[in-house]
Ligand SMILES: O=C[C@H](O)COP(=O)(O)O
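Consider the single chain below, provided in structure tokens and representing the form predicted on its own.
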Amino acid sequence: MLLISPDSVEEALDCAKAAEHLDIVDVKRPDEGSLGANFPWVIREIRDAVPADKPVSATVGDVPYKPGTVAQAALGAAVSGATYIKVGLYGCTTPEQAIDVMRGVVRAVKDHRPDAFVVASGYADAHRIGCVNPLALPDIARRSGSDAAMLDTAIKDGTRLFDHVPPDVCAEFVRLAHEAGLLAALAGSVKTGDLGTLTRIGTDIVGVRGAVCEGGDRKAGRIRPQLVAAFRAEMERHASEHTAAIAAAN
């Protein structure tokens, strides 16, 4: 699945124009960090702006180890119209802390909306900020009752997912997530050139912003429908080639 992250209602309208090419519209606020939370009214307006059959995801933020605070924020995102709730476990230094936060989120969100989808998100560059190891995320997600494990990059300085977690380690992340019955999501300055690898290792959700913004700039650029369509076309091409390669091998 392709997850696209607009940061405004205007960009969401551009996503709506390319709705046939994407699967999830993800609301975030890059000014507040990698998984920066946007305002409840923005989530509501974006929910209203995109087709009803396209789920809206919302980031809760690069959160501290404050389980009650994070649970309230997650519920706010769900009440505002998001059905995918993503939590960046930025301030959790141990798996136990991360599980504590995510259990609160799962309960708060699913008591309100049982069909909501909770994503425990970590960071490929965890070593730079001191949070939980990327490969701990699938077990954290499983033990907390979350539905997916995700990796992104915390520090947006031009380095990318594979700069911090090489493809073989990403493959292990995906394997552990699938073994735990979870979806595996990968993001972090992903480019079209990464799609072959992401397809081969079995990634379920690819999250992008910069790759579909004019100039490739996630902050200064704006999402363009034609770039979304082109990115999706590359995804489909790699998926078809991968399927054909597997069939030929068998």
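Just so you know, these numbers come straight off a predicted model, no measurement behind them. Residue numbers here begin at 1 and follow the sequence given.
The protein also exists as the form predicted together with this ligand; that form is not presented, and the subsequent description refers to it.
Looking at residue 210, you'd find a heavy atom of it within 4.5 angstroms of this ligand in the predicted complex. A residue is said to contact a partner when one of its heavy atoms sits within 4.5 Å of a partner heavy atom; residue 218 meets this definition for this ligand in the predicted complex. Proximity of residue 77 to this ligand in the predicted complex: non-hydrogen atoms within 4.5 Å are absent; the residue sits far from the partner.
Although the partner is absent from this view, residue 61 stays clear of this ligand in the predicted complex, with no non-hydrogen atom inside 4.5 angstroms. Checked against this ligand in the predicted complex, the candidates 70, 190, 56, 182 yield a single residue with a heavy atom inside 4.5 Å, and that residue is 190. This chain appears without its partner; in the predicted complex, the one residue of 142, 178, 156, 103 with a heavy atom within 4.5 Å of this ligand is 156. In sequence order, 3, 5, 26, 28 are the residues of 1 to 31 having a heavy atom within 4.5 Å of this ligand in the predicted complex; the partner itself is omitted from this view.
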